[in-house]
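One chain follows as structure tokens, the form predicted alone.
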């Protein structure tokens, strides 16, 4: 006689096994064609982010008014500092209650988190180290400048500093693993923040001076020799100028000067950060990255936060920081294209974790995703807006969110182009398939209200090819004309132009565009301060 409990047991067994089988994998980075995608909940994920101001997330009470703003602006991710001084106020005693509550509230608002580890360094300084570290300079030595004066910067050459930071970071990653392993709200971690040397180009305390006299580490020399032809040109030129030497101390290999001081510091900053990163990944291997404060043109090392993961030092960071997944720029510098080009010239993925929250961010967010096929974008102090419903960034994030499945399915295949336009750079040409697109700022149309204004807002668009003659074009402030690449005598007509939206990944037409909206079939246009998606079909005629 069969037991009446057997069906119940089998049902429970199947449910438990299904739940185990259905558990989503950890967030990870996956190479797809020419780009790298962030995979979250087993699907490609574009970070439509915002970074909180440094002190905003220090209490849950202060966050109550923030979450609605983030939702209104269509964010799917918020970058949140984790402060060493708050999680380990007393040596060896940890408190993660604040971050537990933040994770819970993020889940309730359907928002993912990227934690920013404010450990040994934040904006070069060691301001977020606990008091017990700051008050014991003998055990936790600080950087000294060339005059011997101590700075508010912990030394990367101190084993005690490394072990204390590493222990705290390991405890953080263990907390995330224990509390968030199932829901997986935390999707990435930034290790330290805007590492850099000030006001001298290198550390001059005893431990640093000893290291400076020693031979350049074998690991760096091996990397340089193996990658000699693909090193960034400005770094290769330094090595070349000194004869491509493969052994010797720092000045023997790279010559005397501030440039060598910076290379030396970059290696040991990267080595320190790599040890922190690797220790954290052994516990819970989330994607991890490091960010940089960009240097200004013409300034010598020491007059900017030197030795961080800057473009001219990326090879040094890659040689010593193998556990770090990618390097990212923080933007308070207006030349966005220039710096993004530098960060991607070796084929690296672009993620912008911090950009001043100004009127340019909406266009730059789309350009990051379209032109660079980047991982995401995140303005700083995102909660500072008083009218989130009016923010252009929120409207642009809404477009990108709708387009995300279409974008991610075509990333790395050569079927996506992005453009960004201004008054000084009002026209650009891109090619997709058999078509050449001439893209101009909307204000180049003489009849637009802003054509004769002194200042033009940035315009931007993404063009995605979905069939031989079919494209989706989205953005704001652009006008586009088209011609064939191979046969420029063959005319192109607009067979069909529809404005619409994606709802549950299904395209829905709001209105068919023709007449004045396409200039009687002459161009595609999305006006300034409009945020739209258009599906376009072309045809040729003689």
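Numbering follows the first chain given and starts at 1. Because the structure is a prediction, the values reported are computed rather than measured.
What comes next is about the form predicted in complex with a small molecule, which does not appear here.
Which residue, 326, 380, 336, 212, has a heavy atom that falls within 4.5 Å of the small molecule in the predicted bound form? The option sitting close enough to the partner is 380.
Within 4.5 Å, heavy atoms only, which of 315, 330, 391, 88 is in contact with the small molecule in the predicted bound form? The option sitting close enough to the partner is 330.
So in the predicted bound form, does any heavy atom of residue 158 sit within 4.5 Å of the small molecule? Outside the cut-off, so no.
Does any heavy atom of residue 291 come within 4.5 Å of a heavy atom of the small molecule in the predicted bound form? Looking in the predicted bound form, residue contacts with the small molecule include residue 291, since a heavy atom lies within 4.5 Å.
Is it the case that residue 481, even though its partner is missing from this view, gets within 4.5 Å of the small molecule in the predicted bound form, heavy atoms only? No.
Non-hydrogen atom contact residue 354 with the small molecule in the predicted bound form at 4.5 angstroms: Judged by the heavy-atom cut-off of 4.5 Å, residue 354 is in contact with the small molecule in the predicted bound form.
Please pick out the stretch from 99-107, 161-169, 191-199, 428-436 that is in contact with the small molecule in the predicted bound form, where contact means heavy atoms within 4.5 Å. Correct option: 191-199.
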